[in-house]
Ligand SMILES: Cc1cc2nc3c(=O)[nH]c(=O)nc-3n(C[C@H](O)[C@H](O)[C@H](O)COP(=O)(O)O)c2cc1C
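Taking the form predicted alone, here's one chain by itself in structure tokens.
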């Protein structure tokens, strides 16, 4: 991969700077949320008949920490009940509660800022008994599939992905898309980041569940945007393709599927309106356009061979099964000051940052943390590699609180973990697309941290932050992507 121009005019950096939080920007903001026009959290195709998913296959009971780091369990058939297990536990509805106005709030199996759920899930299937080959939309509201495009979709996935083998070999490829308005409604232009954070939370579940069933899986970010958009039937502006996840592609040589000679023909199924006053943010549309890939050759050129992973396989410090962890996971709104164990903290970090099967080929997420109450670790700030290296000492609860947008959770947690990425370094080798990869990589690591924390009997929550204050405190050129607070 050649060097890329990443100077001051570099669009992803302009977007990133524009959407940073600071004490001044937060206090001077004039945005008012119109609760009467909150977007609908589920995409609806009123003219398409639902295909109900069958009962899920039985729980694997595979340890969540091992699953989170993509260590494979006993192989099982990738049939319809197994597909139901993957979809429902990755992105389905966990429980329903009412908001103060009596409107139902559907809480899902993954963490999402503001419970706005801007991510949609599509499934490309071929060769699965009991299900016609085609491209489907997954509806978590009724746990049903709706057929959008009949026929084997793999030739088009193979073409859009620059002929990366896995989408051509996999019987199932999950496609995630993002609807910016669902999150921009509250978070404005910064909500574009949330599309990748929330996708990462779903992916942490999906990759772990796939591993627990012995299915190979990888995250593919190198695809031609407009071709994947067209295949799914979206416009790339009001709804944007995020990633592909081929599942069950095996390790047995070349694909029998040949890439399509041309893109798929357009489809246009009517969908219900999200809200009455939906709007676009130009800076979001432009950032997505500037990080796009425009041809199969560009997609092929962007994808990287995986870096060798020389980190030791992390020890397992908890045995709770992955399905049980997902069903009881939440986002904690309060922490005690009770300490966590150092071995728990180190295990959570090790499993969360362990090798990720992906097509950008390198680890983009670094971890720094403030330890407030960790048994066997002095209070202070640390950089996390194979070992924890202390970079500041003392009681830093108030500093952690301040950095996390002055939210008490940041200071009350036993440990507050800051997920960082050196955007300049990544862009110099991977180009503009690296901005998407950095945000998505951080979202996956954060989702893994949730799984590992709950496996240890702890709680977790994701937090936003003052971007440059975090960078200055840790004295790093890396930019904060996301924060996860852990504790009892």
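Keep in mind the model is a prediction, meaning the values are calculated, not measured. Positions refer to the first chain, counted from 1.
What comes next is about the form predicted in complex with the ligand, which is not displayed.
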Using a 4.5 angstroms cut-off on non-hydrogen atoms, would residue 110 count as touching the ligand in the predicted complex? yes
At 4.5 Å between heavy atoms, is residue 223 in contact with the ligand in the predicted complex? no
Partner contact for residue 401 in the predicted complex: the ligand, 4.5 angstroms, heavy atom: no
Looking at the partner-bound form in the predicted complex, is residue 331 within 4.5 Å of the ligand by any heavy atom? yes
Under a 4.5 angstroms heavy atom criterion, identify the one residue in 362, 76, 94, 269 near the ligand in the predicted complex. 94
Ok, 341, 147, 144, 115: which has a heavy atom sitting within 4.5 Å of the ligand in the predicted complex? 115
Candidate site 90, 207 and 249: all three near the ligand in the predicted complex by heavy atom within 4.5 Å: no
Among 375 to 383, 77 to 85, 405 to 413, 165 to 173, the region lying within 4.5 Å of the ligand in the predicted complex by heavy atom distance: 405 to 413
Going through 190 to 223 from first to last, which residues have a non-hydrogen atom within 4.5 Å of the ligand in the predicted complex? 197, 198, 201
